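In the structure tokens that follow, the same protein chain appears in two forms, which are kept apart as structure 1 and structure 2.
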Structure 1
């Protein structure tokens, strides 16, 4: 989707901060795109760029042989092959050498995205899987703004959601958008399939496969030719290998590859060129509340990967309760927005303790709090001791079956953020 005629392309010759840099230039109302140095020159020209910026770190030489094909385009080019330097200098180049007037704003983006969706969809129907996460919620709001009741959102409850989450998501979309929302409570189906499954990868597979089946069944009823998707720009950038070597991929862009073959959808991906914080800003402009927009990232398999070992309904309920307490106390103490993710984990180990002046033999809950910029590495947050104590006291008092709370002090690496 083309949003503005004033596109400046950052050519990535091996530069770890390139996404941040591209994002920072956008803050100055100049639209940037990032492409690997291996991109064919014709692909660059498809975007009708007004200028190019060659980006590399010191350690990584900006390969002269690859430069030649871009030089041949005769576009204004800024050479940052010895390091990115100040954003100001790049912005000056865009204004003075490329003639950018600074028309890129998220308000303009919304207007153009809405027009594009209307063009693409016409009077036909769109179906969208709503997870309650930021990206799918913003896409729902955007497509709804464009085509209203032609959009049906399918919200699958796989039984692994957080406390009050199904109610909250339905309430927000019903109240704010008067949206066609198909809620499928498939908890029993998922939890039955997960019975006795303790291997982390197997759990993910069961959840993923079941999810696709339930979603496909609900989507088939809508009979829509279009499928909305919450793909965002980093999903795309991180799935393009810089030098054609697939080992360089940070993560694979997971799209609808798993949907049954007879469901032939055309995709509507209106935020595929936005960075995460731009997606959040668009969501706010469209009226989505902060409780949805500013939430911590939450994995697709949800509480399933925070419950170590086989999932039982009673132990899952312990985790859900403990997680709600951790979040509530974190918000109350003003720490929610100071951490990237903070959550509870159920540990299927029983230890001896004393509850109500009697011996108890109950389960363990772990608390994990991390900060990160990209989830690729993470540092442990030193939450105030008093806050941890409050969480611990409430968990052992209010969650039946738990008598011990521990704090995870493992960074990533060597740990991952989630326990499974």
Structure 2
């Protein structure tokens, strides 16, 4: 990771709100990095920090033995129990004791990122796996701004995308950027490999392995030594165990340490120090349209983890149509930007119902709507009853094979955001 001037390190001694706290200080144009208290002092000093903030809940005080190695660094240090009410005190400390001038702005970040990419890449080529999501799209825009036609984006359609997504992504990038975009339709290849696979983890592995193979085949034609990635800062935070115990990892991200060791590419990761909201802001500054920047997050395995059980082409089509209806009605009602994620899930259970004045025995669609800050926890959204009724009526009427709709009211925890 690249060094950032005037960095203040937040030492995490078990604070559940550490990401919110870090973002709140960044909003005052002071760059913060979160590190677990188990990190070696030498790793802290690699960032050339101007100060430390010790973040510990009242319930879990900072351990004296762990503090000693950081005290030895002789850096200005502030002890805080976390809470957004203490942001003002933290900002005063950063300015008065650490000499921070408030130079951390996203405008400056863009200029620095473009310069860094140019220095790293030179006159060579970069290949980027474009998913159509916010992170990879912003990375594509940054790298394109830096090196133009030296970038080739590879957009792989694995057959699990949302309705009209392949056409939409290609149209948006053609309209906004004069960039090299290679579209690979591997739908049949993926769906054939997934046939009969019902275990969620196995489905993820099949999708991940096949994607790497398809992407590698496309990338080989470009002959690029650099691979662009949409790694963002929460990916890194969540992949680091707080106490050194692997079980302390919130979730392992495929783009943090999950790439092959013998990979020939050198990584270009320009947004690896940004939080999600900062990535979106950078995208707007780069001219990406709202229809792309403000989309709900979408999992890497796509509809594959929203289709419970083995994926059949006909039931996948049901899910795709139902999901499109949910999104359309959410937008019409003005609720799309009031929720973090709202989507449909295919449930491989048949129930008795009545359709067209006749008995039916068809499948179930579930609707899930949640709000979250960092996707580590999530709260259920109480969508208006009238909106849910409209979604239900359209799904049952327009989606062949479905006769029942249910609403998921489970928070995270105990549930996860996705069903698989």
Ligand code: XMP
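Since we're looking at a predicted model, the values are computed, not measured. Residue numbers count along the first chain shown, from 1. Note that the rigid core is defined as the largest set of C-alphas that superpose within 1.5 Å between two forms.
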| query | finding |
| --- | --- |
| Of structures 1 and 2, the form predicted on its own | 2 |
| Per-residue C-alpha change between structures 1 and 2, residue 47, threshold 2 Å, rigid core fit | yes |
| Residue 390 C-alpha relocation of at least 2 Å between structures 1 and 2, rigid core basis | no |
| C-alpha positional change at residue 37 between structures 1 and 2 - rigid core reference, Å | 2.7 |
